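Shown here is one chain on its own, the form predicted alone, set out as structure tokens.
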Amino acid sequence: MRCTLSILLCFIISIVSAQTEIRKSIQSRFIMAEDGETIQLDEGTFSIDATLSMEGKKNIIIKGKGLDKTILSFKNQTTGAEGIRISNCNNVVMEDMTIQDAKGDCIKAMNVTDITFRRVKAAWSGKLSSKNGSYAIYPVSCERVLIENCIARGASDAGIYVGQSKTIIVRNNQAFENVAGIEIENSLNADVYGNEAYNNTGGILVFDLPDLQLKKGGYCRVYDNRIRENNQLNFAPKGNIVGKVPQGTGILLLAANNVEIFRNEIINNRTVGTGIISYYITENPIKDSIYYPYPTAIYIHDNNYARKHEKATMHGRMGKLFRFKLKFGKDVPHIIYDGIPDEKLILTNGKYPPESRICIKNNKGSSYANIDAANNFKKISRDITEADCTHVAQSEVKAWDK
């Protein structure tokens, strides 16, 4: 028995030692890299026991041998809050690899100008759990963010999240089995297109939240995406704002401004195809004196909506509105506006100024409801003529990548 235990102990020690050596080798390359260098990672599955970090570099490419060929597994991570952390850098490209099972976020980039994620899978491989990290791919406080041909799965907040950033392109990605598939939060000038968001709680979110450094984000275009069957039970940790996203949400705009949504396939999201809500409906207190809690200048047009003839999921605090306040039965509207307006904007004709209105036009198969949450849902209206208007099309976010 002593001999067996000794052999087992030696085996465990050798595994731990190997993990540490692999991590030290990659970390050394991150630290020692010269500006302009390509860091090539080998094919194989590598168990990493602590965060890999890069700080203050310029013109770096971190390149694997391909999705599911170079795999950095953080399943046995003991140190650090992220799998990979890139901070205070300029022009960093990460491509052709898989990052999985990090203790916290899979990949975080902070204060980086020109950050690209290309053909990267970031995922938690086991059952969906509130113990999974918040974000799979997570650039925050960055400028010129490109995320393309990536895969995100299993995040307890958002699979692909871009926050407090400027000039953003999120294209041709797959986000599935996250609480939020793709989220743009408190950011300016974003194009989100060509993505597939499915089997999340909410497919694509555009949020503006209080108590953050970048105020009143906006000028976001969401187009040519396939947003389908986002009916996953919400598994966010208690207290997270995304924990309020109703199971069965296609697109949700929370206090968002200057958002254009067009040419999307928004299919079989049980609770709401597209929701337009103010921060007040979350019932969270607002302590930020300069925060603007209302959605304005929203333009939803030329999308294709379809859903099965069935009741909303009714899970979660907001989902329960469909049971107790919104008696839609199986005839659930595709587009829902909470009906909480900024009274200061309303003109004598009872409407917002043209540049601030919520406009809904030329959507195939869609239905609409203003649920009048401002008056305790007393005058729910399904008359879409109040949103019969247009906005000037927003400008394209010009690609800077080569």
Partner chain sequence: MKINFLIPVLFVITISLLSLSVRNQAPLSKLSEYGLFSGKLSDQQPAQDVVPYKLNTPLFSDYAEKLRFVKIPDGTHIDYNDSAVFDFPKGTILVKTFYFPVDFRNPAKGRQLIETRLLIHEEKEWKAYPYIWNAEQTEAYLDVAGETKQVKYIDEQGKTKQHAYFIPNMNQCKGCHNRSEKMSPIGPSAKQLSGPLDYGQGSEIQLTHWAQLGKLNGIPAKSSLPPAIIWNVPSTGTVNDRARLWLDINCAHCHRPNGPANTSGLFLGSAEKDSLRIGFRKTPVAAGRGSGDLLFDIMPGQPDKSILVYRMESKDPGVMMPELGRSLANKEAIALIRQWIKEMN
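Predicted, not measured: the structure shown is a model, and the values here were computed from it. Numbering follows the first chain given and starts at 1.
Quick note: we don't show the form predicted in complex with the partner chain, though the next part is all about it.
By the criterion of a heavy atom within 4.5 Å, K379 is excluded from the residues contacting the partner chain in the predicted complex. Taking non-hydrogen atoms only, S25 approaches the partner chain to within 4.5 angstroms in the predicted complex. When contacts are judged by a 4.5 Å heavy atom cut-off, R85 counts as touching the partner chain in the predicted complex. When contacts are judged by a 4.5 Å heavy atom cut-off, G329 does not count as touching the partner chain in the predicted complex. Across the options 313-321, 263-271, 189-197, 238-246, residues that bring heavy atoms within 4.5 Å of the partner chain in the predicted complex belong to 238-246.
Just one of N304, S141, Q174, S73 comes within 4.5 Å of the partner chain in the predicted complex, counting any heavy atom, and that one is S141. A single residue from the set Q164, N257, Q100, T167 has any heavy atom within 4.5 angstroms of the partner chain in the predicted complex; that residue is Q164. Residues are counted as partner-facing when one of their heavy atoms sits within 4.5 Å of the partner chain in the predicted complex; in 49-87 these are T51, S53, M54, E55, Q77, T78, T79, G80, A81, E82, R85, in sequence order.
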